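Listed next as structure tokens is one chain, alone, in the form predicted on its own.
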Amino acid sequence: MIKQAIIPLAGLGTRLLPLTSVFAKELLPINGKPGIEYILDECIEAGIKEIVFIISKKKEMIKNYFNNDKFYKDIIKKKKDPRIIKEYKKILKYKKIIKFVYQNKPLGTGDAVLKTKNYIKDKYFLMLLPDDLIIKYNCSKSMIDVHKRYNSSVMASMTVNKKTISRWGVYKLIKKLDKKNFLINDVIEKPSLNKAPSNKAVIGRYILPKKIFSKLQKLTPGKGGEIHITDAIQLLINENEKFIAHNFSGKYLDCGSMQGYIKSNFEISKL
């Protein structure tokens, strides 16, 4: 059973400047609720019991958001506002399951994952990227169901526009397992259009094996001078580790760009 999740949060959110010049992008409100809380709720509904946040010293604001007890207690003592009491209880619920680790140098998602090595207890764990919201259906829960069925690693998959192929990790599919799930034998980080094996891309949900840490430790920086999680995944695939691309239900929202952030507010307001 998947009980632990990790969420990389150390990125500076430059695509959301100037908002992120003073504010952590994950705390920006989406329809009146901080974006990170949608991710947390998805985890909790999927049965996750512990979540590791990977932050940097520049993102201490996130840690403070979940540890601002004195502020709430003082306000509640004076006002006894039911709405504020409800919000504080919600934050306390999150706080009980969150741990923090630090990635102070921007060396990529693979390096961020490696920072959690000493926290992961079980054979598999869940990773979610906070820029990627999937609404109307719990993607993490459906992936955990796929993991149980096939006893393997699972990654969310979506068909993307070929014009944008170079911004994604892209799969090569080798076998259809059922209507929504495919076995893969290649995942390539940000390929050019002529080198892309398909237009099926990794979206920010992964169920990964604990053994990936040993591969990440040996990697040297790749494209952009970063350590890519996809490179470690490929090394595992080369050793016959099974990875499944899961065509998820629900609607994908990119909250990491200004246009996507504005659209996310609009889409979630309609729910």
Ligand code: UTP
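Please read all numbers here as calculations on a predicted model, not as lab measurements. The first residue of the sequence shown is number 1, and the count goes up from there.
Omitted here: the form predicted together with the ligand. The next part is about that form.
Checking 43-51, 65-73, 230-238, 22-30 against the ligand in the predicted bound form, the stretch whose residues place heavy atoms within 4.5 Å of it is 22-30. Using a 4.5 angstroms threshold between heavy atoms, Thr14 counts as touching the ligand in the predicted bound form. In the predicted bound form, none of the heavy atoms of Pro191 sits within 4.5 Å of a heavy atom of the ligand. The ligand is not shown here, but in the predicted bound form it comes within 4.5 Å of a heavy atom of Leu9.
For Leu129, a non-hydrogen atom is located within 4.5 Å of the ligand in the predicted bound form, even though that partner is not displayed. The contact with the ligand in the predicted bound form, taken as any heavy atom within 4.5 Å, belongs to Leu107 out of Ala196, Ile135, Leu107, Ile98. In terms of contact with the ligand in the predicted bound form, the residue from Ser153, Gln103, Thr116, Ser157 that brings a heavy atom within 4.5 Å is Gln103.
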